[in-house]
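The chain below stands alone, shown as structure tokens; this is the form predicted alone.
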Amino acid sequence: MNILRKQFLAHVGQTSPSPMLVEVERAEGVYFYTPEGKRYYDLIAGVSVSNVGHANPVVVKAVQEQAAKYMHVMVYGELVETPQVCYAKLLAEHLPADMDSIYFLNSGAEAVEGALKLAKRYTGRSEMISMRRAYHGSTHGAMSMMGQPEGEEWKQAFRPLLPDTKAIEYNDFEQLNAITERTACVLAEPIQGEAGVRVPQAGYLEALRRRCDEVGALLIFDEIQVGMGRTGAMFASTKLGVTPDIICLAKALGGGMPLGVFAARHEIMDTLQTNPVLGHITTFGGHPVCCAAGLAAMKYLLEHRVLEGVEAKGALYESLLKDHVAVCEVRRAGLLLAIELGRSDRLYRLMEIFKEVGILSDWFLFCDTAFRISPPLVITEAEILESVLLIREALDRLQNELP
């Protein structure tokens, strides 16, 4: 093991006993490279972060130019900063018409935290409902909304968490009756990511919206993983035709830089201004360099019409992999795929083979029998075809070792 990897293990706080330990020297487009020159297809994209590709020249230029003008100057919300204002305006133009108040933060978990506080402040209620097999972040509030019981192994060691929370089954129409006049909000992913790419049944999100309206609860959509073009529309909620009261975005929002937002209509958002004043505050939220990067990335998606090719690219992956004998099922939303193998032991072995053949993938927090395909949205057809050859080679080896 080289010196840098030893120092990584010695000094960088670890999240598991077995990190990948692949050293990155540089990344470009859909690839990253090790110091030894080994090339990997990045089929994770930082978990749907690098939608416009690594080292996109437009984003790099925006970062460099903004850093040369000014970086952090004052806590969020006090000074008028061009990258923040311009990005907020662009987002508001593409969100549903009445969701035109954008609150910038540093991450997805912070966006969820802010959205939960906003819902409690606006409704004056305390009960918050999430979905089973949901992941919303690792801070105390976001973790409290991690879907039960699957999230218990993450949550148990950190209790007590937020009170008055409960989880219902995603896609279960009958359980919508658990949403009552006590409910401040329902937090849901319109398409469940870490459950292994689970899409809504016909009419489910519409029924969820109606139930929230009937009892006066706010509907919060967590589009942290599926927003910013991953499904082929800028926002999954737009594609699915259901508008939430609050939307949370992050990951690809920053174009590779750390950035999150929660957005709502002014009637809701403005309640954070009084009783108490500064109802939600952040120092680095909406950092001008991060906003400049995110703004450049979103403009790139729009100007290069990247979203128009997302569905076809996802369908191509699906068509080329679904017939392999090792594959039980392919679940897909745009260019987010779960390739189901049916057994966790096969999945774990495949991850090792992937590293050998030059593929970076992983599994899902609440589905360790399927591997993820979520490459940068700018991946080309030729790159898809080449990466599929490597995936099928790895699946062939897996089938020989663990039939």
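Note that the structure is a prediction, hence the values are computed from the model and not measured. Quick note: we count residues from 1 along the sequence shown, nothing fancier.
As for the form predicted together with pyridoxal-5'-phosphate, it is not shown, yet the points below apply to it.
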{"property": "Answer range among 131-139, 230-238, 173-181, 200-208 for contact with pyridoxal-5'-phosphate, defined in the predicted bound form as heavy atoms within 4.5 Å", "result": "131-139"}
{"property": "Contact assignment for pyridoxal-5'-phosphate in the predicted bound form, among 326, 109, 298, 268, heavy atom within 4.5 Å", "result": "109"}
{"property": "Position in contact with pyridoxal-5'-phosphate when the complex is considered in the predicted bound form, options 224, 264, 333, 185, heavy atoms within 4.5 Å", "result": "224"}
{"property": "pyridoxal-5'-phosphate contact at residue 287 in the predicted bound form, heavy atom, 4.5 Å", "result": "no"}
{"property": "Partner proximity in the predicted bound form: residue 245 to pyridoxal-5'-phosphate, non-hydrogen atom cutoff 4.5 Å", "result": "no"}
{"property": "Residues within stretch 169-189 having a non-hydrogen atom within 4.5 Å of pyridoxal-5'-phosphate in the predicted bound form", "result": "189"}
